[in-house]
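Before any questions on how it binds or moves, here is one chain, the form predicted on its own, in structure tokens.
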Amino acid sequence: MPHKYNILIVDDEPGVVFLLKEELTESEQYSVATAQDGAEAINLLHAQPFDVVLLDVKMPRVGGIEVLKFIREYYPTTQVIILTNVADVKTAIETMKLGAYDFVSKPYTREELLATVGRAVELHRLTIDNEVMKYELSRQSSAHEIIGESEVMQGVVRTAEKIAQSDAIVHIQGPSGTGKELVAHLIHTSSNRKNHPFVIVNCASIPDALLESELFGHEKGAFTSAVAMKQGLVEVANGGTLFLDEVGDISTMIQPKLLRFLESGEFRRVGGTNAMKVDVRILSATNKDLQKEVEAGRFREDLLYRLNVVTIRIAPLKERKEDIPRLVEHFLQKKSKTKNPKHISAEAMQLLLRYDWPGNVRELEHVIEGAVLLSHDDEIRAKDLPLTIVDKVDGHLPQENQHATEKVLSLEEIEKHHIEFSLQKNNFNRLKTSEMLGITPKTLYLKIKKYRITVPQH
């Protein structure tokens, strides 16, 4: 069932409310609620998010101006259309200075009403999209393509497309670097929610003290640095999909609140007392064995069962090596700076096929990227590949690369060099580097300390 936009009509004239609701509900894209005064409207706004509010100015108890100010402070993405008489156009213009989107004069035509509401809905969507962009700055459209011709990967794709048509909670299990986020994105784009936000939360990269605020938002003054109200990502994702990546890293303090949200769709902002409700589909992923985490007392059993309604397992790359040639071709196209991408020699490809890829597809991508930079012509040879690959493939080296083993590095030396290379590539941004390496920021910090890697102070 397609997601509907939530419209709230606030007017103390029953006849006006009736006509507005009739005309808007004729369109299958709107779900309409009504309120007869400002106080009732504020209570409804506390209970659920609205995309657009049609608001009368002159009402008993709490007037439209107070409701408008309330919406602008607490629900900044909600668009407000003022309902006014012809004689009150001046007042309507003043409300636009306070943040109203537009106004409609009574009597209005049906075409004028629907056109104004449609524009307000579109602005609301654009505002939400801007919020989502904060969490997807470096994403490219090609980054969502799933490359895999093996039967096991095609089975994952078929399963993802099949369950996309439901709103079932889906848990994606697999080692780091296998493409769990790509599968989550495929589920979203194959669903009826595809035209609404796809919001990603990396639970491992956000400190425990901030994760609740990121998910559910906070009220002004909820803590020292909360100088303004902030909408949580569950509100940003309303109507769409929320992807909880590395959900196994959520602390036991936040787990009960996440469980309550999964069971009811209700949440409270940090520092708030009002329960709110959103329409969001939840997808999650982790590289941990959550059953073992439950047994160790680090993960709630009831939360595991709630997340585990449907499970998709993504196999490590070593179990689907027939995908490697196609992945290599894809990364060569992606990483080459010229119109004619580089190609790989048969010997180099044999090394890639015989290597077990502990870092999975993400490691393969980084290897190809480094090889593109190191190769001196249009062909990538075995000597252009990292020693980690050459040394681990049965100890057999191609003739062209034997000179590269005169000094054999320890695994720790290799790891240190790889971390240094990744830090330099990301301009020493630790969050981006940890994501690239498939480890948590805390683990990266400990590695930097262990290997005494120099990180410039910004």
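Take the two forms, superpose them, and find the largest set of C-alpha atoms that agree within 1.5 Å; that set is the rigid core. Because the structure is a prediction, the values reported are computed rather than measured. Each residue number is its position in the shown sequence, starting from 1.
Another form, the form predicted together with a small molecule, is not on view; read the next lines as being about it.
- Glu181 is the sole member of Glu347, Asp167, Asp279, Glu181 with a non-hydrogen atom within 4.5 Å of the small molecule in the predicted bound form.
- Out of the listed residues Gly232, Gly177, Gly248, Gly239, Gly177 is the one that sits within 4.5 Å of the small molecule in the predicted bound form by at least one heavy atom.
- The stretch in contact with the small molecule in the predicted bound form, judged by heavy atoms within 4.5 Å, is 329-337, chosen from 92-100, 329-337, 119-127, 211-219.
- The closest non-hydrogen atom of Glu145 lies within 4.5 Å of the small molecule in the predicted bound form.
- Shown alone here, Arg362 lies within 4.5 Å of the small molecule in the predicted bound form, counting heavy atoms only.
- The small molecule is not drawn, but in the predicted bound form it has no heavy atom within 4.5 Å of Thr78.
- At least one heavy atom of Met153 is located within 4.5 Å of the small molecule in the predicted bound form.
- Remark: with the core as the superposition reference, the CA shift of Asp11 between this form and the one not shown stays below 2 Å.
- Relative to the superposed core, Leu20 undergoes a Cα shift smaller than 2 Å between this form and the one not shown.
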